[in-house]
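Take a look at this single chain, the form predicted on its own, given in structure tokens.
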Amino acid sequence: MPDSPSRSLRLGIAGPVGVGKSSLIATLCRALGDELALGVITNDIYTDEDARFLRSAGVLAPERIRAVETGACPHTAIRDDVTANLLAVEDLEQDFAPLDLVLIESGGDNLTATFSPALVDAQLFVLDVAGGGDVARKGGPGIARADLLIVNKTDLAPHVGVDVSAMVADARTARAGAPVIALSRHDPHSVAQLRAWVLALVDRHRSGDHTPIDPGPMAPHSHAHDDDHDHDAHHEHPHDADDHHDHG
């Protein structure tokens, strides 16, 4: 995917079911809406529920929030065949040009989901404290190599017996020191950290100083009752052909 500061920065947001991806997008829209022109693409298998949630929250004009119904496991539409999402992003950019930032929410998957660099310029991976304090240690390409890891819902930590400092320390170890933000939408300081990180990324994109990095393929996995839907870590994607690389 060629770098092009003339188009929007496309930022993917992935993570397991229930970690607060849609609420995180709402928080970003509120924090950035006064200074950036925004658009949102959501992904669900058979519904537009996340898009409807964001529209009802009033964080953006409803027509700036588009839904993709993937009809398949969530990572397929953000990694294996990004066509539907790419068309949705391009339509949004054409309808509301110029956009500064398009947020693309993955459908909820597991710890293996990553976005293709053919779709996004950078990606966040989201965990939450309610999923357990040990989750960050379990690794995976999203946790280890996304541009930013969010440890979300820190305000819930006292209620679920999680030590946020220890969880963040584990996350930083898993990421070899790459950025981690402990976030609560009720904590202005953490929201300001996230806002500053995104604004700095937008600036690097505009100046041509940001290069999308592929966090790597998902780990081998399968889906129950779906013998035809297996992914091996050693495979190539058609959309990668022009980039002359594979995911071994």
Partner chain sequence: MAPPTDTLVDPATVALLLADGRLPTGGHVSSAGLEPALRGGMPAESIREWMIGRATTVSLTEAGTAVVAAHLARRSPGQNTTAAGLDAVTAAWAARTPSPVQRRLSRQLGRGYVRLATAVWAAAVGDTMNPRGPQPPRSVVLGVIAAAAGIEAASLVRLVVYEEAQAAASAALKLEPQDPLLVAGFVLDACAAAEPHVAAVAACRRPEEIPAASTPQSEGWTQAHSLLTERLFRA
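Positions refer to the first chain, counted from 1. Source: prediction; values computed, not measured.
Below: the form predicted together with its partner chain, not depicted.
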| property | result |
| --- | --- |
| Contact assignment for its partner chain in the predicted complex, among 178, 97, 87, 169, heavy atom within 4.5 Å | 87 |
| Heavy atom within 4.5 Å of its partner chain in the predicted complex - the one residue of 200, 57, 45, 192 that qualifies | 45 |
| One stretch from 99 to 107, 122 to 130, 78 to 86, 141 to 149 that, in the predicted complex, holds residues within 4.5 Å of its partner chain by heavy atom | 78 to 86 |
| Close approach of residue 91 to its partner chain in the predicted complex, 4.5 Å, heavy atom | yes |
| 4.5 Å heavy atom contact, residue 69 and its partner chain in the predicted complex | yes |
| 4.5 angstroms heavy atom contact with its partner chain in the predicted complex for residue 164 | no |
| Partner proximity in the predicted complex: residue 73 to its partner chain, non-hydrogen atom cutoff 4.5 Å | yes |
